[in-house]
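Just the one chain here, laid out as structure tokens, in the form predicted alone.
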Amino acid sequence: MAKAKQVLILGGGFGGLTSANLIRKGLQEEECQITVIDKHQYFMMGLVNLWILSGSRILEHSRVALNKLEAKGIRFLNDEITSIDHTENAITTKMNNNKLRYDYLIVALGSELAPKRIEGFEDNDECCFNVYDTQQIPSLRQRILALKSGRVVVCIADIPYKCPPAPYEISLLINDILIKNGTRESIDLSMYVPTPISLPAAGVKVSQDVVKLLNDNHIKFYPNHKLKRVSDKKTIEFENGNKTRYDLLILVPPHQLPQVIRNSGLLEDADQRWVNADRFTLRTKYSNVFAIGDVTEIRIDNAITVPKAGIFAEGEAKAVSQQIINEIKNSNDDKERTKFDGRGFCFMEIGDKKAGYIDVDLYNEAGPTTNLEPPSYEFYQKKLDFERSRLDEWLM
């Protein structure tokens, strides 16, 4: 009997968990050994941050242990990857300098938050919050509830960032919290973004719909404001020369590749920020090495790339998994499913248990299409169902 192929999956997020489960369903253990490696012990969807912020969920009830993969015949290694060696088809982990060899490698490590790149931000931690850091959300909620008057600023520091609609959801949920707290009329709520429209990947029409939602809820929107620095006088400065004061600053920080990826040889030059991968197969320049999710930059045209969002990582993982299954089985079954189709969706929560629905087709032959369905209670329920269904599929 042929020796089982070794599939290493770096990262236990949307892409990694989808890949591991689909490959396990498609291949027996004697055909393929699957190992997922992640430095975190738990998985939690980023969208749960919104529910912690709004007070409908607590952190302790939102995490699922990644070692539950073991019951599915998938090995989980709680460790940090320190190097990737494409010449030896091996990766090294931090614990005991452990070296693991692979026949197939799926790089799904995601992006890292880089608030240190914003001068002065971490020097003002009493009134400045990194809203993508789950550990900071409970304290942020308490600060919002304690604020009786003043100015709340939500600022996107740079692009790209994870889950493009999330900062707008955050603004709308803060608006809802303030209304329920009876303090909305005495608090100014504003958004500053570096782009000329709210959601460049979604196009002008959906971006206008998003800004209308903000305006309807008296949230001021300032485009073309790229953050430069945070001063110690509760003032932020922008690269266009403008300044604004705040009482509470809520930041979507810059994102960057994990250092191990930058050292891996997957980048072709020093100026490259993200990994290049084929838009359909997600193959990199190295044999049997795939990159999916937030580590990649898949360009649609000069203005649009595939957004850094879990639903796209999931779609890419489906294509990669089918390729690996077909190759190990020496089969052409489900060949159409070996190509990422550029489709995705997300729910845009606005508060009061309502959410809109954004449907995206990036690879449409006539050009990318995006549609925003109006907020409703039904879409909010579907967002809750989305989390439950994925957790059940991946880890239960």
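Don't overthink the numbering: it's just position in the shown sequence, from 1. Remember, it's a predicted structure, so these values are computed and weren't measured experimentally.
Another form exists, predicted in complex with a small molecule; not displayed. Remarks below refer to it.
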| property | result |
| --- | --- |
| Options 192-200, 214-222, 269-277, 79-87; stretch whose heavy atom lies within 4.5 Å of the small molecule in the predicted bound form | 79-87 |
| 68, 39, 343, 63 - the one with a heavy atom within 4.5 Å of the small molecule in the predicted bound form | 39 |
| Selected contact from 360, 32, 50, 350, since only one has a non-hydrogen atom within 4.5 angstroms of the small molecule in the predicted bound form | 50 |
| Contact flag, residue 368 vs the small molecule in the predicted bound form, heavy atom cut 4.5 Å | no |
| Contact test in the predicted bound form: residue 13 vs the small molecule, heavy atoms, 4.5 Å | yes |
| Partner proximity in the predicted bound form: residue 234 to the small molecule, non-hydrogen atom cutoff 4.5 Å | no |
| Partner contact for residue 143 in the predicted bound form: the small molecule, 4.5 angstroms, heavy atom | no |
